[in-house]
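Only one chain is shown below, in structure tokens, and it's the form predicted on its own.
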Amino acid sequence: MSEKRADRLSQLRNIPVFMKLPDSALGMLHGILAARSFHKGENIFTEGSESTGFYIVTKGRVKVFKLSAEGKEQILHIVGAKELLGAVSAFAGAPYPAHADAMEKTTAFFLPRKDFLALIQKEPSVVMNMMANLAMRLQHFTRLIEDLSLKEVPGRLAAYLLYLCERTGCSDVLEIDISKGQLASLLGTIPETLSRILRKMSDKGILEVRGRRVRLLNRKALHDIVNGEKMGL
């Protein structure tokens, strides 16, 4: 086995959706994937373009976003290492529903739709593993839509901080690895409003902000805000 092939198989084994696959399935995956790399700010796909396959990010981050008629950007999701990008569109054979740009230098595996569909007919375990991952993503998007449409900005922020802590397994301290402007876009607000709410939460002893590091001091208060408590915010 070549060193390059062994390295790629090792990377595939460390991706959650493929961890439980037998070596034979991993070998078939390796046979159809192509390595891709993107510079910071480079577009990966655009809304409405044909979905010819999907990506597995191996390093870096990708923002998935919509653009309004006025050119305003609304970030829907940020895809990090070991996560899928564009998989739902690839399965459905539908156009990509949003834009995707690399937020930093990013590498990914690209799996062509036609080859992947042929593969899962031979090895159904591949798609069964992916279903669980896609179901979790669907739950996240459902919560995001609910937050953006039904909650005020403090509730959206509190929900995001709790979600991020759960996702990263933090105890009390978490790192916001995107800019304040990007976080504001993700929450459907503007940086000035976000800064004001963070300052009020800090004044009330709910959290402590030091640069991009946030210490959660009162999780119960955050849950109360998510559930509609105003808390003077």
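Quick note: we count residues from 1 along the sequence shown, nothing fancier. What we label the rigid core is the largest C-alpha set whose atoms superpose within 1.5 Å from one form to the other. Keep in mind that what you see is a predicted model, and the values were worked out from it rather than measured.
Omitted from view is the form predicted in complex with the DNA, to which the following refers.
- Checking Glu192, Glu42, Asp172, Glu50 for any heavy atom within 4.5 Å of the DNA in the predicted bound form turns up a single hit: Glu192.
- Residue Lys72 is the only one of His140, Lys122, Lys105, Lys72 with a heavy atom lying within 4.5 Å of the DNA in the predicted bound form.
- Only one of 52 to 60, 183 to 191, 26 to 34, 164 to 172 lies within 4.5 Å of the DNA in the predicted bound form by heavy atoms, and it is 183 to 191.
- In the predicted bound form, the DNA lies within 4.5 Å of some heavy atom of Glu152.
- Although the partner is absent here, Lys204 lies well away from the DNA in the predicted bound form, with no heavy atom inside 4.5 Å.
- Proximity of Arg199 to the DNA in the predicted bound form: non-hydrogen atoms within 4.5 Å are present.
- Though the partner is left out of this view, Thr46 does not reach within 4.5 Å of the DNA in the predicted bound form, counting heavy atoms only.
- Superposition of the core reveals a Cα shift of less than 2 Å for Leu9 between the shown form and the other one.
- Leu198 shows a C-alpha shift of 2 Å or greater between the shown form and the other one [criterion: core-superposed Cα displacement of 2 Å].
- If you fit the rigid core between the shown form and the other one, you'll see the Cα of Leu207 move by 2 angstroms or more.
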